[in-house]
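Just one chain is shown here, as structure tokens, and it is the form predicted on its own.
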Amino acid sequence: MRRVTRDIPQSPRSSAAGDDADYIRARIAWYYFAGGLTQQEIASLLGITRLRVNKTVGQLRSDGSVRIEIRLPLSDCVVMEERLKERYGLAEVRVVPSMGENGDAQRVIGEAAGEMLEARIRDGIGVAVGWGRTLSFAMTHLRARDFSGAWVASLMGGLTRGSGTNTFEVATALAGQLGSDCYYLAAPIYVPTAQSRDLLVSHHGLAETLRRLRSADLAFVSCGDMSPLSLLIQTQTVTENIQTLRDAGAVGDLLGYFLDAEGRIVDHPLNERVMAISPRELAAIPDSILASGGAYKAPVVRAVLRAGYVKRLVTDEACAAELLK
């Protein structure tokens, strides 16, 4: 039988943490119960024996350290959270251990973001939601309830094919968990011309969704970089414009708007064709959560934070370390 292995980067460790037993226990708990790594993968990652990992997992289960959630703090992550809050003026930050630039990373960031979102949900709330794999993972951490007074709306137009991460699908999943109504910007993320965008937003259905979005209580978003890992970069419309976007200084996108390193919308025709509220309008929503991570995402996450478009952040250690440089 062929053995499948994963390339997992070494996690940053503060000198204060050293080989402290609680630090190792917390790492093992997080990687095993939340990260889904095997005991051998954890042993290799931490530079300890598999026997020690196995023994620690058994102790964690029996002594109550791990129940539904991990109760051991990760001091490195906590320090990063406080530093990020101070540097970027954020209301709340959650930093999770890095899992590498793959689906596992998006899953654990999404699940942590789901916990943050869960804590802010109430009946009567209006939630504006974006798209992406990270946000789709967050839906699994929301309790089902009957909040008929709440509503959900998609912040942007979508793709023409289903992927489970499309804004229409993420919004539908969230509304389903809340038992609430759902409203859509039922158009492609990019329309052919700026004039066609003006015409579409005058349509009474789309105009109503835009009105709701601007009156939302909470926004839940992600952002995209300029690499092929980005869903948006994979679309034909963006692929055809990728070089001119880079020439204009774009480091990534938020709600389909391409931003420079300071978070300003770059001067490019594609930004005039976006079916979404603007980043400035996003900033006016009273509460907001950005869920995004990986070192490769740091330039666009930094741009979003510098411009003050969001109030809360969920990311991983790799991205956090870059943001704090």
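This is a predicted model, so every value here is computed, not measured. Definition used throughout: the rigid core is the maximal C-alpha set that superposes within 1.5 Å between two forms. From 1 onward, residues are counted along the sequence shown.
One more form of this protein should be noted, the form predicted together with the DNA, which is absent from this view; the next part is about it.
Stretch-level contact analysis of 278-286, 257-265, 296-304, 32-40 against the DNA in the model of the complex, using heavy atoms and a 4.5 Å limit, identifies 32-40. Not displayed here, the DNA is kept clear of Ser44 by more than 4.5 Å at the level of heavy atoms in the model of the complex. Remark: Asn54 counts among the residues lining the DNA in the model of the complex, judged by a heavy atom distance of 4.5 Å or less. Core-aligned CA deviation for Ile42 between this form and the one not shown: 2 Å or greater.
Core-aligned CA deviation for Val53 between this form and the one not shown: 2 Å or greater. The pair Phe137 and Val53 approaches in the model of the complex: their C-alpha atoms are at least 3 Å nearer to each other than in the form depicted.
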